[in-house]
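We begin with a single chain expressed as structure tokens, specifically the form predicted alone.
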């Protein structure tokens, strides 16, 4: 891994916001899923949560290539997803037009926060709304009553980023566990080699301070390779 690549990955890790996330409930259009994941990466979200439609469970390629830097946590039900988020003491916000909804800009996003987005056609389920702490809306003054889900997520997430930036949250340094930092350094710095490890079921090596692979001869023997064969750009 060259020094520029290493520096870029380390900077990205230092800006991650592990206490900010989104949860997608039955969002089923591949281009929207990919756009939301890209926005999550752009504002520093480390992981997001999904409850996939049945067709995506059977053929889960919708976001292939888009989640290299954002970890996807898949749940079997929305109740399971929200329970996992509440265990992290997150406030659960539901994008939903209702009498109790408030302008999304009135929310304090410096708190640990999870934002729910529903399917394009049906929105968030009644089950999820009952479990949420607060409904939020994006004010609309035209004939349309809602925005595309990927557009809506970008607006809310950049408001969260704005508040967190003003509060100094992007200057806190890396808050990710050491093992997770190591995973991202290896997968981001040595993508071909990490794919090879996955195919062989081999554990990742440690990445050193200057981006070098710290692995003994036995590890390379298990790969049936020589270190010189794996020079990544």
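Given the structure is predicted, the values throughout are model-derived calculations rather than measurements. Positions refer to the first chain, counted from 1.
Not pictured, yet referred to below: the form predicted in complex with a small molecule.
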field: Complete contact of 120, 138 and 147 with the small molecule in the predicted complex (any heavy atom, 4.5 Å)
entry: yes
field: Segment that reaches the small molecule in the predicted complex - one of 71 to 79, 159 to 167, 106 to 114, 90 to 98, heavy atoms within 4.5 Å
entry: 90 to 98
query: Taking the shortest heavy atom distance, is residue 152 within 4.5 Å of the small molecule in the predicted complex?
result: yes
query: Is residue 124 one of the residues lying within 4.5 Å of the small molecule in the predicted complex, judged by heavy atom distances?
result: yes
